[in-house]
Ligand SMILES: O=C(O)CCC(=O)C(=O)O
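One chain is shown next in structure tokens, namely the form predicted on its own.
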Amino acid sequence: MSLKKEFPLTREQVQFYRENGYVQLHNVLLKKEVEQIRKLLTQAVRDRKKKFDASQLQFTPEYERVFTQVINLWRDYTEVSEYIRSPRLAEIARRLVGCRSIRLWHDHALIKPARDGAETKWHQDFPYWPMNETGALSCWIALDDVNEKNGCLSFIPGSHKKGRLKPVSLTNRENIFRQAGMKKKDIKPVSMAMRAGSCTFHDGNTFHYAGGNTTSRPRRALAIIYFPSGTTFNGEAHPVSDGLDMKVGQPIKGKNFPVVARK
């Protein structure tokens, strides 16, 4: 198993991430590991749909046309937790951010249905997270080979430097570029086609997009969100933190947000 072996992240890759707001890394997981996660996700989606746990599964007709999203699998599935809390992945995140220790915010499976998966509109992630300080980032692991035909990610290099903007709807027509004051000549997307087992890491403020899935197979991905220890709660609602009696201005910590890598 590769999960306990440190990934050979280079200084150049760290520098690229900090300058551009994203980085693509190849062959982070082994083929057999990818196959195991696929099976686990299939079962997890079935389980959550049967229970119809609204806090864990986004399952409305409008949202389902974008993707099926299942969150916090690590709490219910021991086998998945080994991947979500993997030192191999978490240490990459810690080094990219440059913090002493990094915590898990949550995981989520992102499944675009075959043939009719709608596009995921250009957006930032950070405006949806109830955090004051920047630095949180996502690891997006391809569980199928991905390209522009089935909904791979695309990024706008350097867009994380725009800072946190207002959240945009993923199902309605909203334009993050207009909000950011960007003109057409400034919008130069970079597509992240890659093989299953490869991944991208992107800053929570980086503009990103995924096209619709026009192929005959679902497009499966696993995302893991990390944040630097010491990040404080801003009081906004979120399914992951709702009901935990968290105090505004206090560091986000505890058993629900474990440290997964430290220097």
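Bear in mind the structure is a predicted one, so any value in this text is a computation, not a measurement. One rule holds for the numbers: they count along the sequence shown, beginning at 1.
There is another form of this protein, the form predicted together with this ligand, and it is not shown here; the text below is about that form.
- Distance criterion of 4.5 Å from any heavy atom to this ligand in the predicted complex singles out A210 from the list C199, V70, A210, I37.
- Note that among 83 to 91, 175 to 183, 70 to 78, 108 to 116, the stretch whose heavy atoms approach this ligand to within 4.5 Å in the predicted complex is 108 to 116.
- The shortest heavy atom separation between N147 and this ligand in the predicted complex exceeds 4.5 Å.
- Contact check for A136: every heavy atom lies farther than 4.5 Å from this ligand in the predicted complex.
- Shown alone here, H123 lies within 4.5 Å of this ligand in the predicted complex, counting heavy atoms only.
- Interface membership of A223, defined by any non-hydrogen atom within 4.5 Å of this ligand in the predicted complex, is confirmed.
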